[in-house]
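Have a look below at one chain only, the form predicted alone, in structure tokens format.
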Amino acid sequence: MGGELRDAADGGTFETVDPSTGEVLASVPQAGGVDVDDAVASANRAQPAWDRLGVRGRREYFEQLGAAIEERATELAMLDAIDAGNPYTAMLRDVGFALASLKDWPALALGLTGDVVPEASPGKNLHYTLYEPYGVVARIVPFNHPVLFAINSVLPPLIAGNAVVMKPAEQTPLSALAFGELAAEVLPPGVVNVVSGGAETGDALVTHRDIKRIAFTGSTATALKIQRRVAEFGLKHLSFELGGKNAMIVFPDADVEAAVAGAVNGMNLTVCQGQSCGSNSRILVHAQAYDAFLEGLRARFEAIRVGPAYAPDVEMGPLVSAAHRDRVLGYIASGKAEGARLVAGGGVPRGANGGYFVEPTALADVSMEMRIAREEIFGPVVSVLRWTDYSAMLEQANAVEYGLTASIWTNDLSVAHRTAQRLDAGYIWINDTSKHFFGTPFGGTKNSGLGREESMEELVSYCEQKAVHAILQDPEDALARIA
């Protein structure tokens, strides 16, 4: 923080583990309240000068930061492989996505202009608006894309003129700390500050009185806790990108082979083992396509190569922790006990050797009464439901507390667009899944979040709007006074 690497003020540490082996990797500073205070103070000192640079000045720093990240791309990707269990090749792509964002945000920010408001009294008044940064922004990021979220989380508030204090997930701090070190080498001291720790660190951050804007990506349960805690410490602007129990809908006329491929890609199995809020973990397949779809899904799931995240040719790594592995296995057991039929996977692969592995798992004949159809599992598990009645299927698709993404597979575009209008989800693909497109607002409805990301909407959310009103004097009167 403040351009310096430092231990926690009280010497506290916690261990981070390699989920491919279960072995301890490193001891990491456990930031406490004093450390959070120091990070916020550092950000407060740095922010005014950072804001005065303007978008073009900040863009030059973004270019330098991009060059530094590109130079250390393999290191950052490998840190995520050993710390998060995500395949190295997928994490290398994540670094590439972050590099693209470093170019995209400054270009978008150049369009962040105020408005001239029509005059109440033409010729006598001038009304216009300005966008100004909040000052210090807090970002709390999850464990599933550690380096991508560490980098991307700070870019929109930074380009808008804020300084940032970012807390990575307790399970995966290494790449974020490496990024913080790299940022300290390139950016002015205090513009980006990284504090590692658990729930207490996060609580100290979100309740800090000098932070007016907070963005959190993670679970709905944690977001609700943040809302309650923040309310005790004044009004703050919040945005949440949260969980999902996302529906993929396969119509009878769909290309089954393409839909199966989409289901596998949409689960993000070869990126983060299905530990993704946007994964299409609930697949509603029309009866006419049901058997063929299940057979294709079984074959695809069984072909995925599971192993240590940094091993050659591995497609899917372990889950992030032993506790999370056990949670996911508990959901599989629950589904089977409630009557679901196991189509693929369902257990721990051979040769786990202490790692937190779970096989890619498909459960069929699922009904909405089952927990696996309603609750977010956040792992390599899909629940497949059969449908025949369109209205009943839509009711099932919307019958969860979440509304993040959805995916529709049909060759009838009228059906596709009408269905998209009736789904309770913030981001919907037609004959596609999983992809994000910069500039298109990403975010959820219901308990899947507040606000939108990856777009102008997100950029504006890191600014406060100011209105300016001026009375314009008559030029002849003004000149007469001068004379």
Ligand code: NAD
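None of the values given here were measured: they were computed from a predicted structure. One rule holds for the numbers: they count along the sequence shown, beginning at 1.
Not pictured, yet referred to below: the form predicted together with the ligand.
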Could you tell me which of 331 to 339, 110 to 118, 161 to 169, 251 to 259 sits within 4.5 Å of the ligand in the predicted complex, going by non-hydrogen atoms? 161 to 169
Please determine whether each residue of 142, 202 and 242 possesses a non-hydrogen atom within 4.5 angstroms of the ligand in the predicted complex. yes
Spell out, yes or no, whether the shortest heavy atom distance between residue 180 and the ligand in the predicted complex is within 4.5 Å. no
According to a 4.5 angstroms non-hydrogen atom cut-off, is residue 194 in contact with the ligand in the predicted complex? no
Give a yes/no on whether residue 198 approaches the ligand to within 4.5 Å in the predicted complex, heavy atoms considered. yes
Should residue 407 be classed as touching the ligand in the predicted complex when contacts are defined as heavy atoms within 4.5 Å? no
Of 300, 386, 225, 212, which one comes within 4.5 Å of the ligand in the predicted complex, counting heavy atoms only? 225
Option touching the ligand, based on a heavy atom within 4.5 Å in the predicted complex, out of 217, 268, 152, 361: 217
Along 277 to 298, which positions have a non-hydrogen atom within 4.5 Å of the ligand in the predicted complex? 277
